[in-house]
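Quick heads-up: it's one chain on its own, the form predicted alone, in structure tokens.
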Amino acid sequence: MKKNLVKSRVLTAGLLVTGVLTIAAGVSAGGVASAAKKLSPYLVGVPMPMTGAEAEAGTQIYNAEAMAAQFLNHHGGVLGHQIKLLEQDDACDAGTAVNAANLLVSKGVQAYVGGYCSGATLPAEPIIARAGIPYVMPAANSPELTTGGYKNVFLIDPSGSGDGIEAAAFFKQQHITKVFVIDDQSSFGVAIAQSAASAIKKNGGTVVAGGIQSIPATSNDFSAVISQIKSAGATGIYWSGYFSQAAQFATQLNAAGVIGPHGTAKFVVADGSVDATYITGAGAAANGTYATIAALASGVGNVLGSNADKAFNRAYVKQFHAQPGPYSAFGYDAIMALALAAKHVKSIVPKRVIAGLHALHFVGLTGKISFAADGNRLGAVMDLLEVVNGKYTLAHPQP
């Protein structure tokens, strides 16, 4: 279902989501809802890419957040307060995200649940911190997000530093000692590339071509990089940017004979490139490529695929006539985390909800959820995915 990409939307109580989702989020309806007093709405700002290359991912996350809010509202809201989601376009752009944050704060939002691109999420952090409201991030996961010292930041998708470590473990498993690491100059891409390079060196490997290479996020010509890969004799390639460029990179690597059935290297991408658009964009060139991602988000790992997740997928398809994305369940859990934290402290006052999030422990669609003191999600397990016949599968063996 396509969304309005121009106007910010406000969600009030809507379609009833099947009751099995209560179990999926690890709560009971009575545990979150309060009695039927008419109280002020609980205003939740939702910054998401509504325009640009990542708009579809923003839609997929927002839809799941809407499902969670609808379910909670149908059962009395949060302590009797009906949730209103106020979405604002951040376009995965730093300047647009700052404007969105300031606008939503001026509208009096009491919580902030959103963020797909870390480069757009990072500059909003100080704005939301000054406002003193909780900032729950369903998808953005640059390691930098938890280094600012903010006490109101919580990552549902665990820090992407695990991506780099998992990639390095895979290269070591495959006896690949020469790795070409490339980022897209975004804050997310740079941080993940640095994590990977550090782990590769720690494992005894070499990051060739003199270190991490960068290419602008706007570039679609990888010919110079491919020449470097060939010259360096790299048999491993790690890309830490997003899916649109990843598809172009894979296509060009395949055409150059670097990857593919007769290729000389293995191509691995970070979780920012895990998206159906990568597979459709790269076509046959995607087959045999790999991705690192939190097991909780993969859809083929050791958590998703349960009965609860299947019920979520069915409910999503029924309501939106489209498949959920890799981070949709994270959006659902982000809203549930906020509601459960408020229930725990018996208040929607922002500073109390922040305290509730720090104390939170629950089982959601994406597994066990709790947070470290810096807001990073605890207990993350990484998966290595492989694209086989145009579909993500769990790679065997896992590193």
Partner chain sequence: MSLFLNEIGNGIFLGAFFGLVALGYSMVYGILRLINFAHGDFYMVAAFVSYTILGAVIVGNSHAQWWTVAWVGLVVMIITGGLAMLANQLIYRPMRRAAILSLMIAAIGLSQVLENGVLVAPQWGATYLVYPVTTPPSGFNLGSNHYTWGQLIIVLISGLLALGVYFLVGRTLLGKAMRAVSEDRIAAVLMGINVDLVIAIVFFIGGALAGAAAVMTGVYYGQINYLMGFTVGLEAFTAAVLGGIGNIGGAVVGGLILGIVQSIGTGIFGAEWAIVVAFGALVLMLWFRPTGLLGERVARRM
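None of these values were measured; they are calculated from a predicted model. Numbering follows the first chain given and starts at 1.
There is another form of this protein, the form predicted together with its partner chain, and it is not shown here; the text below is about that form.
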- Query: in the predicted complex, which of 78-86, 217-225, 315-323, 114-122 comes within 4.5 Å of its partner chain (heavy atoms)?
  - Reply: 217-225
- Item | Answer option from 99, 198, 177, 252, heavy atom within 4.5 Å of its partner chain in the predicted complex | 252
- Note on the structure: Note: exactly one of 151, 230, 172, 74 sits with a heavy atom within 4.5 Å of its partner chain in the predicted complex, namely 230
- All of 212, 248 and 281 with a heavy atom within 4.5 Å of its partner chain in the predicted complex: yes
- Message: Against its partner chain in the predicted complex, would residue 256 count as a contact residue? Criterion: heavy atoms within 4.5 Å.
- Response: yes
- Query: Does residue 369 reach its partner chain in the predicted complex if we count a contact as any heavy atom within 4.5 Å?
  - Reply: no
- Item | Non-hydrogen atom contact residue 374 with its partner chain in the predicted complex at 4.5 angstroms | no
- Can you check whether residue 244 is within 4.5 Å of its partner chain in the predicted complex, heavy atom basis? yes
- Note on the structure: Within 93-116, the residues having any heavy atom within 4.5 Å of its partner chain in the predicted complex are none
